[in-house]
Each structure stands twice: as C-alpha cells, then as structure tokens.
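Quick heads-up: the structure tokens below are two forms of one chain, split into structure 1 and structure 2.
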Structure 1
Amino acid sequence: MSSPIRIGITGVGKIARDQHLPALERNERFELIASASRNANINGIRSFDTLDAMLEGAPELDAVSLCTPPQVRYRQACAAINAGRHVFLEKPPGVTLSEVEDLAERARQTGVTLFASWHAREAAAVERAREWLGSAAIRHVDVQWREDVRTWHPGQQWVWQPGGLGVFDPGINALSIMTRILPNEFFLERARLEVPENCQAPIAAELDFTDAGETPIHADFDWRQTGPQTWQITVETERGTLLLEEGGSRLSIDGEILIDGEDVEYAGLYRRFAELIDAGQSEVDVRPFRHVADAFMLAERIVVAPFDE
C-alpha cells in the first residue's frame, strides 16, 4: 500500500460539499489536509483564503482539486502545476480550449498529473455500454438531455452570461458519455441554438453529428423541461438497441435492464485520479468541450422568449 496522497481542495461550495468531500472521505488513498476558499472552512482541516496561501502554507500537499468556477481555473491550475502538485479539474476544464491545451502541455513538461474530469463518464452503466458498443455496427444515435434549469441552477445568473455555456452545462455531460461509448469519432454537421432574448447563452440546442461512416447522431438538449427529467442515449445497432438512462446509471439492451446502479460518479473519479498519479500519467480528453466550441462556432442562432426565473 502506497503512502496516502495528501490533497487540498479549492472552492468550498455546493459541488465540493455534495460530492468531493464525501468521495475523499471514503477513499483511503487520499488524505484531505487543507482547503482554500474565501468564505468557507472545512471542520478539522487547515483553511486558507487563497490557493497561493495554501500552496505556500501546506508544502506537504501532493495534489489539489479545483472546484472553483471555470473562469479562474487556468490561473489556479497553472500555479499548482508550477508548484509541482497534481491537479484535478472539475468540468468544464476551463473557459477556452486554448487554455486547457496549454495546461496539458505544462503538466507534461513539469511531470505532474493533470486530470480533466468528466463525472458523467463514471456513472454506473457507462463502461458496460462502451464495451457492448465496441463491436457493434451502429445505425443511429439519439440523445435526449432535457432538464429544468430552475430546479438545477436556481438563481445562478452566471450560466446565462458569456462563457456560461447555457444548456451545454448539462449537455457537456451527454457529450462526455457519447465520446466515451461511441466507437468512432463523430463531429457536428449542423446545429441550432435557441437563445432567450434577454440572455447570452442558449436554453436549448439541436445538434446533428455524423462520423466517417455517415452515421446519423442526433442530440437534443433542453433546459425548459418540467415534470420528469430526461437524460438518455439510444443507440440502434444491427444487433439490438442500447438504451442508457438516468444520466448513464441505467442500461437496457432491447428493453431488458442490465444495470440500474447507484450514484458512484465521484467515487470513480477519485479512484481514477489516484490511478493516474500512481502511474505518473495525465488524462486530458478535451473532446466534450471541443464539441461545445464547435457548436457555438457552427450553429444557427434563434432568438426565443425571454427567460425569467
């Protein structure tokens, strides 16, 4: 058994408390020893106001998790990498593709582990779906990712600002699963974004992708869904239809449920982060984020009714 990885966390907000702290608590490879946050402390560990103060005040730190908003993530990740610490990035890994590529290069040069995490990929049924599709001839893919923004982002104005990504904030989770389970690279051919007249970011997106074999791959992201929420991917193949539901935790083939799992996403992310550190590797798969950038670049924009909470 290796010695524990001493880790610090920045940005002690909702995602840190709901997901990161419980996952770190249950993973014995990690020892949480410090936090950096302007307004919040974690009981029982050393607290700092800023990441820089934490890096200086806790020199025994091996790694940091960045749970701050994406707008400040580049500078924080740069500082941590330059200080020789392994870095865990929440999703999305930044606000531009260019800065994420630069971070990946810096991690390579410094020899630390950089992990750009995609939590939806760790949902209980995703790996089984990937394995099943590995040998399948795919005819058609349909993605429905429809939820109620008022439930999931109450009062969060930043999601509508430039750089906030709008409906791609949940949609990038679908893209992270699609890029993981589909055996061939795909790319956007046509896109339509619906943007409320009082917002900068889209509230809905219709995306038509294809691949080198001209497989039709359709995705429908919508933030206006009331009632039951839908996060599902249907893949029709020549040997049956795969249905991944509940954000990737339930898998059926031709209507037969094979997996209906618990929420194990952050446990899986920290297991992966430890594996990468132990192997001296990084994992920075920008493809989900690149598809989002492609959509903003290629899409037709339609102005729709204003959004009011």
Structure 2
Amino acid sequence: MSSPIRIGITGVGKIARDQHLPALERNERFELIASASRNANINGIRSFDTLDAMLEGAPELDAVSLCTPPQVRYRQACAAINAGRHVFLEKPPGVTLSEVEDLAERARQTGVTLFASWHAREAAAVERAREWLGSAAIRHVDVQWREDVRTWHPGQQWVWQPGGLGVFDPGINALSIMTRILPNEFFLERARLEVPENCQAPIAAELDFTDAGETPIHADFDWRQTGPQTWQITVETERGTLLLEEGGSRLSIDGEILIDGEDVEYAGLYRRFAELIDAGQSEVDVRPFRHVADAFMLAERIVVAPFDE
C-alpha cells in the first residue's frame, strides 16, 4: 500500500465533525495530522488558528480539506495550491465560477490535485439510478428538496450573506445528482426566488429546466420545512417511474425498492480524492454550480417575511 496521505482540515465546524472526521478515521489512505480553525480544535492533533499558520507549522502536509464557508475558500485554496498541497473543496466549490476555474488552472500549472466535491453524488443509490436512466426515454422530472435551515445551519449567518447561496446550499446537492443521473444536459428556462427582507440569499426557489428534447424538469427548493425532511427526485419514463429518496440513498422503480443504503457519501469522496492524488489528476465539475449562477441571473425575485433565527 502507498504511504498515507498526510492531511489537514481547515474549518472545524459542523460538517467537519459530522462527516469529514469520521470518513478520515475509517480511510487508511489518509492520516489527519493538523487542523486550522479560529474557534475549535481536534483532540490529539496539532491545531492552528489559520490555514497559513498550518501550512507553515506542518510542512509535511500533503493535502488539505477546506470546510470553511465558500466566501473565504478561494484565497485559502490558492495558498494551499501555491504551497504544493492537494486540495479538497467542500461544496459549493466557491462563490463564483470564475474563481473556481482559476483554481483549476492553478492546480494544473502547479501539478497538484484539486477535487471539487459533490457529496450527494456518492449516495448509495445514485449510480444505479444513472445506469437505469441511461437507456430510458424521460418524460418528466420533479425534484423536491425541502429541509429546515435551523436544523442544518443553526446560527450560521454566512448562508444568508452574498456568496452563501441560501437555499441553494442544500439545493446544489439536488443539482449535483441531477447532472449526474440525467442522460442529457439541461438548462434553466424560468426561476422564482423568495428572499427574506433581512437577507441577501433566498430561502426558497422554484426552477423550471428543459433539455434539447424539451423534457419538463421542475425543481422546488425550500428551507422552511419542519418535521420530516424531503430530498427526492422523481423521473417519469416510458419504462416506469424512478424515485430517488433520502438524498439519493433509496431507489425504487414503480414502487419497488431496489436500494435502501446507508450514509456512505463522505467515505466515497475521500476514496475518490485518494484515487485522484495517486493518478495525478484533478476533478472540477462546475455544472451544478453553473445552474445556481443561472438561477441568480434569470430568476424573478420575491421579497418575503424576514428570517428569524
């Protein structure tokens, strides 16, 4: 086996503790040796206040995972790439398409791996859904992605600021699955964003896409749902109806459950990151992010009641 990839995490918040740390602990290809965070640390490893301090204080690092809000990620990724480290980007990969494309070019010139991760694509049933839809004539797609922002982002203000994406922070997960499983490229025709009067980012979005075959594709994202959360994609085809639920972990065809899997998303991401590093390659698919940018450009904006934490 190749020597472990020595990795550091920047941004020790909810997503790092809930997903990254358990995935790294179970992956023998990685050795977590350092963290950088203003307000938190990880027991048993060296802790630094900033990424720059971590890069200087832990020169043996091979790679870094950036789990910080997207508004600060470009500068951090540049610093890591310039220092010759491989970089894992949490989703969304940045705040603009231009900066992500610049990072990809910097990584290419430096000869390091840049991985723009889309964790929902690693859900247990996504690849089976993609395979089944590859030979199906699609008639209609409906996406319902509804959750409670207070549960998933308690007290986090960056999601409501410019670049924070608002409801597209979870909604981009649906878009990442859609761009993976649907056999044809699709594009936005109409959109409606609901923006709280005290926020800069939407709390809900309705999106209507189509493709070259004029297939109707509707998506409904909402951050106000309490109780059970809804993350599902329904695809009607001439062969039957495919239903992908629980964020991509459960697959059924015409009501028959084919896969009901466990949470394997971040295990898959770190497995893929190791593969890319070993192969000397990068993976930067900006299609889900481009659909978000299109929505902000094209959508009708409706001001709604202020968001009260």
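Just so we're on the same page, residue numbers count up from 1 along structure 1's sequence. The term rigid core refers to the maximal set of C-alpha atoms that superpose within 1.5 Å between the two forms. Nothing here was measured: the structure is a model prediction, and the numbers come from that model.
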Correct structure when looking for the form predicted in complex with another copy of the chain: 1
Align on the rigid core first; then say whether the Cα of residue 184 has moved by at least 2 Å between the two structures. no
Quick check: residue 199 between the two structures - does its CA shift reach 2 Å or more after fitting the rigid core? yes
Would you say residue 228 moves its Cα by 2 Å or more between the two structures, aligning on the core? yes
Residue 304: CA movement between the two structures [superposed on rigid core, Å]: 2.5
